[in-house]
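Next comes just one chain, in structure tokens: the form predicted on its own.
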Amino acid sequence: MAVTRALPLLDVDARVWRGRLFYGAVVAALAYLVVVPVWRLQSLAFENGGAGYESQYGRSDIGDTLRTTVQLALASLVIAMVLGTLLAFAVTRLPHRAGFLRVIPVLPIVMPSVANVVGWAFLLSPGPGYLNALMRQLPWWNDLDSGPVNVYSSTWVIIITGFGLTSFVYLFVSAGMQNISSEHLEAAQSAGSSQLGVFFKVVLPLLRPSLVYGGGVALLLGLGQFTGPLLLGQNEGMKVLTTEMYRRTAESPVNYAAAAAAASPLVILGLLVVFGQRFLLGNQSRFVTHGGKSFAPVGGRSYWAAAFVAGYGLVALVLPLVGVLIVSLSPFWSENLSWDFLTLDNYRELFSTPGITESVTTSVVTSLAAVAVCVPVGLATAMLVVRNRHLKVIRLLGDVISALPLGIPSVIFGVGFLLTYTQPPFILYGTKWVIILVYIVLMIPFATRMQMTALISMGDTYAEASAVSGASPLVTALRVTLPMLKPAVLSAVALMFILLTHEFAASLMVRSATTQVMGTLLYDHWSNGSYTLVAAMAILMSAVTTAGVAIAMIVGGRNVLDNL
């Protein structure tokens, strides 16, 4: 009898140990990819008595650099929070006929940030900028030879950055908006409150968790901004910590220790924001609003909401895209436009210029390879966090490590990978492998969090029923969990492909002369003044991303973007 009772216990122990070994291996691999590059980079800053800190923070202009970094982050955060929250509220008030406008707040994510930034440069450059040329036709500016707007100033870098962060805030706030019961809104309206009163007195307080989390993410993205300050700000001498890191790795001799020291405040602030979010949210049960009637917003008939959403799409998406399109069809960038000048020569040059076709192939191949790895690794990490509470230590490590890339700017991972993989045991610099690895690290938080959310909403009932029926954990995962996760997986695939084909900061650090992606090659041509070719490349990047999203929508349905 004793032997008979012991057999089930041995079977349970074997399953627990198999789980520990499997998830332990996943967490160890994540730790090597995520933690080791950052650890090596920060250790380097302390070598030789902190020579890196002395080199970086002993300069006379370091105060301006720190002040500009904080100003860029905070001011762009304010713009993104206001616009993102108003957009999320306006979308719930769209008339039925204007329902197609719901996708507009997400669309700026599809446009590459590099293309967006150069598009604004084509519009608002003081000399040949198209919008500046139009404004100089007005009576109060017709005496100017340039301007009146200078897109290279820190003010406009902040504004453009704020527009870029708005879509990310919108995603978080709109998700929180969908969980507000219509009963709360109807009760406020029945009590005589106006739409503005409902927004400020009911919606905003209930959105506190989404606002805190979305604001934290937007603040971290603002602190790590690289594209705008590099492409626009350097014309006016604008310096932030991320551009300082790039300058330290691009100068001769390379000063990795100073680059690591420049990264330290961003790493510390990232950790503070993460802990600050947890402190501010506290007991999240205070914000549960689910009622028995409906969790969906009541909808509306506000044409001001349609006008606001359409206006945002015009400014954030259409205008920069038109600027890029005009230059791509012109023989040169000039304020003087004529139908006679339009040409397709720049698009023909794309296929004859060395390296451009290869950069497109490299971008697509490395992005798809990273996505193919991130989906199963993200699923394993999500299942560890959601369904393996008995593995306390491994679960905590997996949760924290998978979230770290959200708190640390991608440019820091780029420098860390450049340092780590140019020396033994893995010398990968100059190969596609180092790009794939850094892409995997950057996308792990998205793959994990999106699948984790779907697992939580699914509950444990289906997995328990499958286990009672005699199915193994692997069979349950393949036949039950994965089919139910299909919408979340396809949304994660679409989001990761979009973000990776745009990726610029980390790619610029790990690229080599023979291994370029679209964004890094576009930057090289921008630096060389080949503006018409840059515009054609920006359109090509947008087309590649749009094709990827279209494939995801064909496979996963038209609601793939709605699930982001």
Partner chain sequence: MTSKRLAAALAGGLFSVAALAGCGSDSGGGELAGSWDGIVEAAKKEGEVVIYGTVAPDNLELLKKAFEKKYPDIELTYVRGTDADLLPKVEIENQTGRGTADVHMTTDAGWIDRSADGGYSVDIVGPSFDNEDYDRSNSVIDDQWFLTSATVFGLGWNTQKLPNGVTSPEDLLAANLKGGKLGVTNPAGIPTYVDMYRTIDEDFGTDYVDRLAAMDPRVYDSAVAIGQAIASGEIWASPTIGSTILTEKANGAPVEFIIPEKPFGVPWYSHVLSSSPHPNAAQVLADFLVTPEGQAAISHDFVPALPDIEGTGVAGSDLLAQEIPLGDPDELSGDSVAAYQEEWEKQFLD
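Residue numbers count along the first chain shown, from 1. The model shown is predicted, which means the values in this text are computed figures rather than measured ones.
Beyond the structure shown, there is the form predicted in complex with the partner chain, which is absent from this document and is the topic of what follows.
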(message) Under a 4.5 Å heavy atom criterion, is residue 61 part of the interface with the partner chain in the predicted bound form?
(response) yes
(request) Mark residue 48 yes when one of its heavy atoms lies within 4.5 Å of a heavy atom of the partner chain in the predicted bound form, and no otherwise. (result) no
(request) Please run the contact check for residue 483 against the partner chain in the predicted bound form: heavy atoms, 4.5 angstroms, yes or no? (result) no
(request) Report whether the minimum heavy atom distance between residue 448 and the partner chain in the predicted bound form is within 4.5 Å. (result) no
(message) Between 470, 205, 237, 311, only one gets a heavy atom within 4.5 angstroms of the partner chain in the predicted bound form; which residue is that?
(response) 237
(request) Name the single residue among 333, 226, 172, 163 that comes within 4.5 Å of the partner chain in the predicted bound form, judging by heavy atoms. (result) 333
(message) Whether 146, 430 and 512 jointly form a contact site for the partner chain in the predicted bound form is the question; each needs a heavy atom within 4.5 Å.
(response) yes
(request) Within 4.5 Å of the partner chain in the predicted bound form, counting heavy atoms only, one of 77-85, 97-105, 431-439, 260-268 shows up; tell me which. (result) 431-439
(request) Would you mind checking 352-391 for residues with a heavy atom within 4.5 Å of the partner chain in the predicted bound form? (result) 354, 365, 368, 369, 372, 373, 376, 377, 379, 380, 383
